[in-house]
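Okay, so we've got a single protein chain in two different forms coming up as structure tokens, structure 1 first and structure 2 after it.
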Structure 1
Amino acid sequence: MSFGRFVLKRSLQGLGVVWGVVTVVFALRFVTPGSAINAVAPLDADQETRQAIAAELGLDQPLYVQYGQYVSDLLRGDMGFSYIRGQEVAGLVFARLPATVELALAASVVAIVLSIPLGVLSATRRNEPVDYGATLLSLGGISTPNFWLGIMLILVFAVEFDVFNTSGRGVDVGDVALSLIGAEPFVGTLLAWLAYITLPAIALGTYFMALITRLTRSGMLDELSKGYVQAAQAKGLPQTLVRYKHALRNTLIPVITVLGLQLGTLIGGAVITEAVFSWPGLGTLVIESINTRDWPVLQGSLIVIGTSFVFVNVLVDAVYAYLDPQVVND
């Protein structure tokens, strides 16, 4: 199978998953207690008013008709209208998406920068204090709930030492990029952005960091025991070259796979972290929509999160197949 056919196959499978996500999200409205009409109708609305609202929302139609209309609207880019907010759902959701993606990418950078060197160091100094410390750190990272860690980071670094901001997103990465061309002072804009993004990125990326550290350590231990590494060492090549150019390179294929999968997980799993830090992303929007029973916005948010996860998975499969052509033929 060629690389192009492989990517096409994975993309078609991804579309099937997206269709499943849309179907499940559509069904949630009807299996959840309560009625969407209650969120729109006044408390003292009579039956005639409620029937008129149901007709306007299309809720008086058979279920299969509502489903067909919903899918048709989605294919045209119409996610519906939020009567509670008085706005189009697509505009609300995609306005919040950049903040969630920014937070997920920042958490990934924090995790990667810390985990890969730590995993290599742990593997090359096996059964030494550094190895024990890295193992203890990764175990703590996996075991610590991110909402609790976020609260502790706020109490220590924002409240006690007043180093970072407690909540919000006053400066985004776009402002930092614009400062490079002289729109704003670069150093000041960068520091302001770091003051907002650092704590939520650490809280969200800690579990990710611990996972990649353990995976890198395991992969490096396996590679360092192989014959080609011993042959390179026998030739007198520097240890740094052997570890980082040869052994680590062969370790990165499974790490890249997990990186991609976890990036999708971070996009979908940032709900609690965004709530703790009042980060204006999709996670906060989901919680607000649940509290107000704003079903169109909730459905649109869940569909975008699910589609993002599928897209990242397909992209990771393509990168994996490019790095290891044997995958295409499996």
Structure 2
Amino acid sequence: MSFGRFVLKRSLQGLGVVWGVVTVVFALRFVTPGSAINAVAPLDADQETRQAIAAELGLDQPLYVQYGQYVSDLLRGDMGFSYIRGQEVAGLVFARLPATVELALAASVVAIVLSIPLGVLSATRRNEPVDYGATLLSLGGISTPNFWLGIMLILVFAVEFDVFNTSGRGVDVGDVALSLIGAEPFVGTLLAWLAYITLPAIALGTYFMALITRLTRSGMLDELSKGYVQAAQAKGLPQTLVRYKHALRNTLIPVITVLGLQLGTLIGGAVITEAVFSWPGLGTLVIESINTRDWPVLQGSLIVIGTSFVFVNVLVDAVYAYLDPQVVND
């Protein structure tokens, strides 16, 4: 199979999963206690309004017609209407998405930048103090609830030392990019951005930092004991070349797959991190929509979250296949 065919095949499978996601989310409106109309209409709507909404949504139609309507609306980008907020769901969800993506990416940067060097150092200096330190740090990292870590960071860096902001999102990363071309003073904008994003990014990124450190360490130990590494060393290749070009590259391939699978954990973690730092993203929207029983917004958010997960995983598989062509033939 060629690389192109592999990517095509995975994309089609991904589309199948997205279809499953849509179906599950469609079914959610029937899981609510009471009739499906309760899931959509505001709690205080009178009987007449309810019937009008039901007719508009086609809730009086057979199930397969409703389902067909729901899917075709989605394909046109129509995620329904939030009667509680008086807004189109799609507009609301996509307005919140960039903040969550920004937070998730910042957390990934924090995680990757720290974890890979730490994992490599830990493996190459096995049973030395640095290895014990890294092991304890990563054990603590995978065992600490991120919302609590966020609160502790606020306690230390915002309450005691007053260095960072703890609530909301100041400027977005786009403003920082614009300031590069001179729209705003660059340093000031960058600092304003960092003041808000640093603590949430650390709170969310720590678990992944710990996880990747563990995976990198065990992967490196595994690779370093393999024949090709010993052969390369025996041949007299420089230690750094063997370690970083050969062993690390082979270590990172499985790490990427695990990260793809853990993307759900990252998004789930973002939900609660956003709640701690009042970050105006999809996570706070999910919680708000449940608390106000705004099911159309919940459904729209779930579809966007599920679809992003599938999209990133297809992307990860494509990168994986590119790095390790054997995968294509399995």
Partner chain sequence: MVSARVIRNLKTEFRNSALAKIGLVLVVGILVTAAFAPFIAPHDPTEQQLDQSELPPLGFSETTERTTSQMVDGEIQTVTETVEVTPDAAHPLGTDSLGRDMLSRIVYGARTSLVVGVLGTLLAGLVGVPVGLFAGYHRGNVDDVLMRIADVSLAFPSLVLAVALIGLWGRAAVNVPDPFVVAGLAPGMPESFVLPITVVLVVGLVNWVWFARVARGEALSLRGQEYVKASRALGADDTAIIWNHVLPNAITPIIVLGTVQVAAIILLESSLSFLGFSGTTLSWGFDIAQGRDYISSGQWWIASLPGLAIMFSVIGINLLGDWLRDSLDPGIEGEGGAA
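In this text, the rigid core denotes the largest set of C-alpha atoms whose superposition between the two forms falls within 1.5 Å. Keep in mind that this is a model prediction, so the values were computed, not measured. Counting starts at 1 with the first residue of structure 1 and goes up one by one along its sequence.
Annotation: structure 1 represents the form predicted on its own, while structure 2 represents the other form. A displacement of 2 angstroms or greater separates the C-alpha positions of Leu261 between structure 1 and structure 2, with the rigid core held in common. Remark: with the core as the superposition reference, the CA shift of Thr292 between structure 1 and structure 2 stays below 2 Å. Once the cores line up, the CA of Ile116 ends up less than 2 angstroms apart between structure 1 and structure 2. Core-based alignment between structure 1 and structure 2 gives a C-alpha movement of 2.9 Å at Gln51.
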